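First comes one chain, alone, set out as structure tokens in the form predicted alone.
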Amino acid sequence: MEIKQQRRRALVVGLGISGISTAVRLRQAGWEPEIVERAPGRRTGGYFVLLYEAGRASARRLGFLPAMPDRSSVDRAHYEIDRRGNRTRVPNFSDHPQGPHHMLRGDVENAAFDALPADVKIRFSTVPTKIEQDADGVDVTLQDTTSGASTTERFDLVVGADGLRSTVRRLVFGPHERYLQRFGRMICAFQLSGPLPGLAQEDGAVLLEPNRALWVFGFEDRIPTVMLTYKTDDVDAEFTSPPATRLREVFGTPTGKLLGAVLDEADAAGKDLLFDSAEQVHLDSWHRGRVVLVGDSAWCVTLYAGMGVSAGLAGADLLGTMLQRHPDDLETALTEWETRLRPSVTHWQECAGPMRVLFNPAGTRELLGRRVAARGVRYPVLGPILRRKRTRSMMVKNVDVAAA
């Protein structure tokens, strides 16, 4: 009689892009993943993301790249605007070298979720409250936040994919303050309910002012999304007022039609509005024993770097590959996973500083320099120089880090 080998159990904490992708890859690698999620259900809404080749290659191997639409369009217009309604056409993200795909965060998450086997168990309103491990497994105490009931279960592996302020990281690696590096910037992103005044639905726009900026990301077949970002001297104080109230205080008056319409939309966005500080995570190691962190929990490159989704997919993909390669040696698998992935992640984190100038210039000098760089790419002599510089700074490490 044939005896089937029991699958090893993995607990994945977090039902975002990194968590779902990790569960998909673990199942491919012969594991039995289970997912717990703090929220009572799947997230709605979304915002603009870029998907580079590193992410596309991983999504292809994970099996859901065809379900992720590329919403890029070289024909869409992109404008720099001011509060008086003046606008100048400038290059957009479609002009970026090596052509990242444009999409919504929800496009990636939905594609990954649809690829998740139907028998993968998902528990909502559930959080880990205690994690203890030994050489043979991990005991995790899970609490149902609705009923308050707790159970302790044993797993062979725990994956923390629960975001910037990861509960898994806090329980196993220590307080957030040890690992978070603040940029002194706030980011607010959400999807609009309709096109903005003066812009076609597919058009993009940017309003740049010292230490604050508004970005509009247009799509031909979807309502635009927006991002507002600004400098702050006290990150903690930013969370003492409702986000929409804080945005109005920061951007002031008169707003002009377009900014005014965006702020009105923020008032109504509710829970679908992302409002958070720009921070990176820096750890000497992304794994400890049988617990491993992926995505923002481990490295968080920030929205400024533009590589968050790609890094999350690559990390999930490569993790499964290394577990397959070393099925009986978890420590070696996790060590080789990190050794291979870390150089690229470090580079992407380093790119966040220069890219922050693109999204949120700190003062008049940075603002003028950013405008010269953005508009100069179309000049016959200056353009090739600027394009080569941008390619070297951002894309040199955009390789398929998860390839077998």
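Note that the coordinates shown come from a computational prediction; the quantities given were computed from them, not determined experimentally. Don't overthink the numbering: it's just position in the shown sequence, from 1.
Heads up, the form predicted together with a small molecule isn't pictured, but that's what we're talking about next.
- Of the residues Leu283, Leu116, Leu274, Leu192, just one reaches the small molecule in the predicted bound form with a heavy atom at 4.5 Å or closer; this is Leu274.
- Proximity to the small molecule in the predicted bound form, defined as a heavy atom within 4.5 Å, singles out one entry of Leu263, Val138, Leu207, Met227, which is Met227.
- At the 4.5 Å threshold, heavy atoms of Gly320 stay clear of the small molecule in the predicted bound form, well away from it.
- In the predicted bound form, no heavy atom of Ala23 sits within 4.5 Å of the small molecule.
- Contact check for Ala244: every heavy atom lies farther than 4.5 Å from the small molecule in the predicted bound form.
- A residue is said to contact a partner when one of its heavy atoms sits within 4.5 Å of a partner heavy atom; Gln133 fails this definition for the small molecule in the predicted bound form, lying far away.
- The candidate site formed by His78, Val216 and Met355 is entirely out of contact with the small molecule in the predicted bound form, as no residue has a non-hydrogen atom within 4.5 angstroms of it.
- Heavy atoms within 4.5 Å of the small molecule in the predicted bound form are found in exactly one of 293 to 301, 80 to 88, 196 to 204, 149 to 157, that being 293 to 301.
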